[in-house]
Ligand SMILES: NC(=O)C1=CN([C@@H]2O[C@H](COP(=O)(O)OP(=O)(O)OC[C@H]3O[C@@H](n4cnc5c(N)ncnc54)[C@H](O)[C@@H]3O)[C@@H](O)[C@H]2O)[C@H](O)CC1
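There is one chain below, alone, in structure tokens, taken in the form predicted on its own.
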Amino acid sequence: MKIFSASKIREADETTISRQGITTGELMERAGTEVFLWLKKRFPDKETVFHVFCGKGNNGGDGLVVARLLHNDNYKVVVDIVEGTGNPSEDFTANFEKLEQNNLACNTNEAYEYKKHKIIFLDAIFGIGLNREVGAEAKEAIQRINNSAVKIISIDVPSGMFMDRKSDIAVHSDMVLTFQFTKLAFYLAGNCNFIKEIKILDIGLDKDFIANEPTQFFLTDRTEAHQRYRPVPAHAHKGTQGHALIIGGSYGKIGAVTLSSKAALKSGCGLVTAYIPKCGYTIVQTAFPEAMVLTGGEEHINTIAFDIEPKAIGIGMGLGQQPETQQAVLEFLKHQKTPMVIDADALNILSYNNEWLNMLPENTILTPHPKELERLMGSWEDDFEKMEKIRAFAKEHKIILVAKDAFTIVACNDRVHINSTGNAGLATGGSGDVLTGIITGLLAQSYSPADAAIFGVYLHGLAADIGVCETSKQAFTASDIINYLGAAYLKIEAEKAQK
């Protein structure tokens, strides 16, 4: 799914109005109707009270449409027009007059009774056009909404959230009903408190515009993942499914390389070899009998030499950063042309030796968590600068950068792909090791590096989404990701079969 900037979304609106021969008011009615229909389906009980907070711009106009439709469908509706939100737009004014015609008054300070869980706050104060700091009256309204202890639903965006810069205050939405496109700002770490759930409502914007308009940002949703997924051929055998080599481990950290190796095999590749120090030999052979094992060094790897020909290599998990290990990594990189995933200690070694980045084969995949990312490319002021630095770093070094976070970002070919799966259950030791194993296993199966990274991140998150439903987020572990990979594949195959 494409992600467009606020200016491109406005252009999509204008193109739709022109090509479909409708007015801005008719498009607003269409958007408000979609919100109303969603609310009616989710909250069929007519005892539900909807308290709608509207600004005076077009987002407020959307809110007025919703308020009128709810009122006419016999819901209890209370409307507050928030002052200090600019001059009334033409479509806001038109819909305000329609409220009066339908006998729905605003700003009545009406006291209303409601049963527990039967009240919804609808936030329609500001939309994507917000370009100034929130004033005192609007800030007071946002704080009132946030302090309400009721369910909060925002129309299009949480009011106060900027689309192109850091947001300091915004509505803390339980659900955002956004129009046609998701928004980049929804997936940035600094905005995590403002959104719990997102629902995209199709309001019929021009399909040709959406299909033909270029963008550098994409959401890896179910459709995108299905396009990148490659089913196992009917006559496959272990030789055709690829051989993955996983290099890592040191004394006390053999678990990391074991998790990666297991994940590589569970991703569907035919063979896995673990390259580890000798201290981990018995552990891996016992914990993961399906793996073959090669060794180099006693308690940490001091040389990397092998006579196999893997189709993909993952390196770094639990590797350690001893001088001998760093030298071994250098010698390994000098001669390596095999598709590769670099993680953990191997990333830290690269950050200490930045010039080694020039030795990486094109489209090598790097999988840093936030601190590793900062060591690699330096710090950033806010999430928007971070996004640009990620794109620039990946482009400069001709690599694929998988920046792990609550919403993991994959930067490749001057594009940014934001993952839609995963949850807080992944905030556990070893989940990154599993991700590296999955991506390496996909590479070994001849997925392109871009597909391996994008689909691998989606698959990793999907396994967690399925798993936490049975284990809880608190009890979820990295091993559970591996255990639920099969269920994730089955879900993808079932969804594809329904198309």
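Model, not experiment: these values are computed from the prediction. Residue numbers run from 1 along the displayed sequence.
The form predicted in complex with the named molecule is left out here; the points below concern that form.
Heavy atoms of I203 reach within 4.5 Å of the named molecule in the predicted complex, making it an interface residue.
The closest non-hydrogen atom of G57 lies within 4.5 Å of the named molecule in the predicted complex. For the chain shown alone, D433 is not a contact residue for the named molecule in the predicted complex, no non-hydrogen atom being within 4.5 angstroms.
A residue is said to contact a partner when one of its heavy atoms sits within 4.5 Å of a partner heavy atom; D168 fails this definition for the named molecule in the predicted complex, lying far away. With the partner left out here, the named molecule still marks one of 28-36, 437-445, 451-459, 467-475 in the predicted complex; by a 4.5 Å heavy atom cut-off that stretch is 28-36.
In terms of contact with the named molecule in the predicted complex, the residue from P368, G127, P339, G422 that brings a heavy atom within 4.5 Å is G127. With the partner removed from view, the residue among N131, T286, N107, T223 that has a non-hydrogen atom within 4.5 Å of the named molecule in the predicted complex turns out to be N131. Using a 4.5 Å cut-off on any heavy atom, none of the residues of 290-326 reaches the named molecule in the predicted complex.
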